[in-house]
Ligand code: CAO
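Just one chain is shown here, as structure tokens, and it is the form predicted alone.
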């Protein structure tokens, strides 16, 4: 038995933020019915295609463990099918433009009439306010949510991060909201609306930067490199390069082979509790008690000198050797792992965080598995559905259609052209 066995999810999402959310629900055991435009489907099916004639990795890696139905909800037959789906499902997830559901004739009030227990979950770019009707994509969310202004080096422009904190991050937030609403429904018997704005999701992940914004009122941020360099602070949290955000000085340093390997680096934190071990490792034992080096406040104006000395040592070791030497001494370090190294990591494969998946059109590909592990609900990653692959299944098994009713719906074109389930 899976954690969400018996829960049916009507998935009206596309691209990344919504599919991230519904994929998690599918991994936890929900029956996720992905509703797609006939003949077109999710836009990402044909974005960044690397295997001609096959769904893109962009689509396949965000839509595991789902079933696909092609549905034209603008037709009368299509509206009837959608109404029946709302009756049968527990959750409806959408990331349409604001007002799209209303224009389809399915307002929140109408959805409640059809199914009072329905949970309607929505992802938007911005919450209510001046920008609520604006289109938002990943990098826009990072910029509007506070991430970009605090990322990068002080003397450079704002930067976005490679982690999809706007899209996938908001999908994770919405998934938690849905599961919470399902839990509350067990007690109240009622559904409710759940919403997550991408700007809000990014801002939630930037809370330490809002912490620092308020700390500026009490003076300069002493753990930032610019303090030790005598650079004045402005009125907003500055970009801090690779400084540690937790108050312990840390930086990314070169390791052996950095001249040819762009990822031959390590992150190194000079944690106060193990300062003595750091000094011994880098061959500076006198720094343990020397005036100006013995305590964290004394070291703040010498961080450049200290990290230059540490880097002189790390450059003689590979990033993995640094880890092997420092870890037993409780010195916090971490190798900069490339995407290639992560795909090949046997430990991540053993836990199911990296998985290989077979697909009938594109063959075998590698994907990220479920990052959340439940001991009583293990996840088996199944391939993404072909467009409309499960249309007949859903009409017959979920909605119980048969005979003339089924023939009428299929012949109307409201559900595209149903195809049999692909043979593996």
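As the structure is a computational prediction, the values presented were derived from the model and not from experiment. Positions refer to the first chain, counted from 1.
The next section is about a form of this same protein that is not shown, the form predicted in complex with the ligand.
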{"query": "4.5 Å heavy atom contact with the ligand in the predicted complex for all of 248, 277 and 312", "finding": "no"}
{"query": "Residue among 343, 290, 329, 100 with a heavy atom within 4.5 Å of the ligand in the predicted complex", "finding": "100"}
{"query": "Heavy atom within 4.5 Å of the ligand in the predicted complex - residue from 225, 270, 95, 199", "finding": "95"}
{"query": "Close approach of residue 243 to the ligand in the predicted complex, 4.5 Å, heavy atom", "finding": "no"}
{"query": "The ligand contact at residue 136 in the predicted complex, heavy atom, 4.5 Å", "finding": "yes"}
{"query": "Contact of residue 124 with the ligand in the predicted complex (heavy atom, 4.5 Å)", "finding": "yes"}
{"query": "Distance check, residue 74 to the ligand in the predicted complex, heavy atom within 4.5 Å", "finding": "yes"}
{"query": "Residue stretch of 103-111, 317-325, 262-270, 233-241 approaching the ligand in the predicted complex, non-hydrogen atom distance within 4.5 Å", "finding": "103-111"}
{"query": "Stretch 152-179: residues contacting the ligand in the predicted complex, 4.5 Å heavy atom cut-off", "finding": "167"}
